[in-house]
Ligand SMILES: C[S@@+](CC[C@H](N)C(=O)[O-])C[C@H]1O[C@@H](n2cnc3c(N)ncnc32)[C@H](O)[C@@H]1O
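Next comes just one chain, in structure tokens: the form predicted alone.
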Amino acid sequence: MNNIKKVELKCLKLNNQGQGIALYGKKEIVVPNFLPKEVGIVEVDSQREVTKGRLYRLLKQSPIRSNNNCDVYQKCGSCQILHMNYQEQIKFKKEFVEESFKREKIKVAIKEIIPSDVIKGYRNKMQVAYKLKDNKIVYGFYEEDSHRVIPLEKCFVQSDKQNEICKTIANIMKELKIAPYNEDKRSGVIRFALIREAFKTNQILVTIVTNGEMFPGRNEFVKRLKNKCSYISTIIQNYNSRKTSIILGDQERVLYGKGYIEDVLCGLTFRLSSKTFYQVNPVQAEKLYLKALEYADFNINDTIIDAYCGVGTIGMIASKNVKKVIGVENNKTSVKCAIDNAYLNQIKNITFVNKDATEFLLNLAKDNVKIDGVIMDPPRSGSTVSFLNSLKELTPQKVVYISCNPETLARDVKVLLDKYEITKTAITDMFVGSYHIETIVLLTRKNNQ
């Protein structure tokens, strides 16, 4: 029985993820791809507790709507505000950051905005799943909140080369009769392809994730992929036979090339593997890091800490203007990459510590070690109260907090405001078409602290 009901609704506002909010009966429901003041026919499931609807047809269109020419946009869910013109995207993100601070009773006005010069093909990383659908091999992203693959021809925010490689892999699988992975039966060979592209050096790494070490036709597969996409620098096979949504497994082998690529960021060279964390929009990443360091205004006598340092990117960029950098990271693989990158760039005034950052900062405070500044760029979940309290014990003069989540950023900054004050703020748009935004906050120690 078809329980889908079509109703005429008006979009009242947007939520923090850029999704429309409409009133259905007396209840607010979420309607993606719906803009304020628009009127449309919305599909709802009449047999369920309605929390979400799907825009079926627009009756009244907003002047801020933009035609995005993406075939899978409404199903994918990755680019939540691609239907909004770019000027309005920036406005939405600015208000999102300011509202996040306002909810924590902190008054912040974002005065500096760094928009993206490029809105298409800006991502240097692409990962797609391969499935069998209607007896055909298809590839694409997972539909939002599901494990259903949306067949893809071209992604708007990925580069032409990345899109071409994904399509070529599917064609070679058909030619060689290599089966894609079946989640239910846990059978088949190829699960995912992960592509990393270094825009400055034009090097490309392709990782083929397989259901275990066995890869029938492996040599012929690599030969055909190299011939059809001759610009590929290296190819890796990653084994993942686990029943999990995590893409990469623990083991891998190099099938062609060096097994890594190199990219240049702010004049430094960074070595990238399949598992290395690296900003997906390197053009904007340069602007983000340089703005953060401009705000920090460290001097040549300063000793600074790069907390949550990952592969040491911003710490190494800062190193030429300070006396010493200490990078702290609890991920062992990232620390190894950071050490290799420092050696590669002949940076001698930076050290990396594989420890929990909270414990490390507390020990420094107990030993009365003088730290002049701290740069912190935690994951989306933000920092912890323990870390923030240890930071206050250490009492550096300046704290530069870089965040991809305004809500956890505002929450964490509030913990520091008894000893620090917000001096400067900026937003950098790294993710065009998405509600995500990078924010920089400079906190300076209060004079009486």
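Since this is a predicted model, take the numbers as computed values, not measurements. Don't overthink the numbering: it's just position in the shown sequence, from 1.
From this point on, the text means the form predicted together with the named molecule, which you will not see here.
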Review point. Of the residues 303, 78, 351, 279, which one places a heavy atom within 4.5 Å of the named molecule in the predicted bound form?
Key: 279
Revision key, fill the gap. Residue within 4.5 Å of the named molecule in the predicted bound form by heavy atom, from 323, 125, 226, 355, is 355
Review point. Closest heavy atom of residue 378 to the named molecule in the predicted bound form, within 4.5 Å or not?
Key: yes
Check your understanding: Would residue 197 count as touching the named molecule in the predicted bound form under a 4.5 Å heavy atom rule?
Key -> no
Review point. At the 4.5 Å heavy atom threshold, is residue 308 in contact with the named molecule in the predicted bound form?
Key: yes
Check your understanding: Are any of the heavy atoms in residue 330 no more than 4.5 Å from a heavy atom of the named molecule in the predicted bound form?
Key -> yes
Exercise for review: Heavy atoms, 4.5 Å, the named molecule in the predicted bound form: which of 23-31, 52-60, 420-428, 378-386 makes the cut? Say which one.
Suggested key: 378-386
Study note, to complete from the structure: Checked 281-296 against the named molecule in the predicted bound form; residues with a heavy atom within 4.5 Å, sequence order, are 289
